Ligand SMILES: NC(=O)c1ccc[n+]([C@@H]2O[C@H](COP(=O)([O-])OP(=O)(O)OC[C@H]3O[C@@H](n4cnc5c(N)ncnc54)[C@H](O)[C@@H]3O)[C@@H](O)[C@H]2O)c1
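Take a look at this single chain in structure tokens; it is the form predicted on its own.
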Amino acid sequence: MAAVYQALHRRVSSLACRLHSTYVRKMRYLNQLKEDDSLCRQAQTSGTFYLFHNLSPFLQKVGKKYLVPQLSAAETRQILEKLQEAEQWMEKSVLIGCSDEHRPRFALDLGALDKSVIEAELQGSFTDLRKALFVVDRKDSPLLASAQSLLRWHDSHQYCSKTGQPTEKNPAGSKRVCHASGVTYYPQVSPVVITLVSDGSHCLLARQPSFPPGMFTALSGFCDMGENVEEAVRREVAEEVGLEVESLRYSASQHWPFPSSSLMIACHALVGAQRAEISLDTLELEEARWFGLEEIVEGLKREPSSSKQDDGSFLPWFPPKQAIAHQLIREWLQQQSAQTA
């Protein structure tokens, strides 16, 4: 009986392993590519490539849709050979992921080459990432964001901060090494808290002078050295709108490539309704105000192009679905709707 039980246990364990091993195998393969230079160079010959030009991704418009083409290694090399740059540029690619079938994905920035020639050859255009993130399919947005962040990091870390000597990228682009000092540099992200403040029946949204006309969003700011998330949220809310947070809860997180590479940590914060008078920090913000339930509902329906009124002013509109601020606003709306139901 024990032998039967053990055999059954092995079959169940084996089945569970097969059902859950795709992700594990994928992650371990990616780690191998980062650590094994020869394996990564081999992968470059069979992987797919996303092209950038001065950190702007290459897109193709098909009908009303914007597609992010994945070029094979052969197609990429063919284009580069026409520009007599094949060997030099393939070495500059960085690993950004792989498919479930273990086909590696690389990003390659061709900023020093003639943009118009590449666009004509591939029948598309290099598009500013801020626009690209909101017009491509949602599954492509995180890949473009992480690719640009990694390419930007390599561009800004070509020299050792200790010796001033050039650093060298490994084939995967997962690190840079200064051979003069032996120092290894790894890409880093900056933690940013983004907070939707509520007094219980209204939520607070703000705008900076650099925002598109009419756009309001949640408060955000970089974490200071030594701060935890809770301390950063309380400080940012106090600094920017003069309110004291009574309680907060975590919602979700999102990588965001602006201004360089940030990890957006999204939270909901509650302030006392009796002490909810806004004291604006005009160095940071242009405007901040409370929004009621109906205003949020209408603002979520509104498009940027339809927010301008006849007198030249703009009705409020909010970040699109791809931004984590949109998720915070949606969550607050759902909570308020449930309370009033």
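Residue numbers here begin at 1 and follow the sequence given. Quick caveat, the model's predicted, so the values are computed rather than measured.
Missing here is the form predicted in complex with the ligand; even so, the following discussion is about that form.
A.B. asks: Though the ligand is not shown, can you say which of 148, 220, 141, 198 has a heavy atom within 4.5 Å of it in the predicted complex?
C.D. replies: Selected option: 220.
A.B. asks: Just to be sure I understand the contacts: of 78, 156, 190, 116, which is the one whose heavy atoms reach within 4.5 angstroms of the ligand in the predicted complex?
C.D. replies: By the 4.5 Å heavy-atom cutoff, the listed residue in contact is 190.
A.B. asks: Report the stretch among 158-166, 233-241, 177-185, 95-103 that approaches the ligand in the predicted complex to within 4.5 Å, counting heavy atoms only.
C.D. replies: Contact criterion met by 233-241 only.
A.B. asks: Just to confirm, residue 284 within 4.5 Å of the ligand in the predicted complex by heavy atoms?
C.D. replies: Contact check for residue 284: yes, within 4.5 Å of the ligand in the predicted complex.
A.B. asks: How about residue 256: is it within 4.5 Å of the ligand in the predicted complex, going by heavy atoms?
C.D. replies: Flag for residue 256 set to yes.
A.B. asks: May I ask you to state whether residue 208 is within 4.5 Å of the ligand in the predicted complex, using heavy atom distances?
C.D. replies: Output for residue 208 is yes: heavy atoms within 4.5 Å of the ligand.
A.B. asks: Can you tell me if residue 323 lies within 4.5 angstroms of the ligand in the predicted complex, counting non-hydrogen atoms only?
C.D. replies: Taking the distances in the predicted complex, the answer for residue 323 is yes, it comes within 4.5 Å of the ligand.
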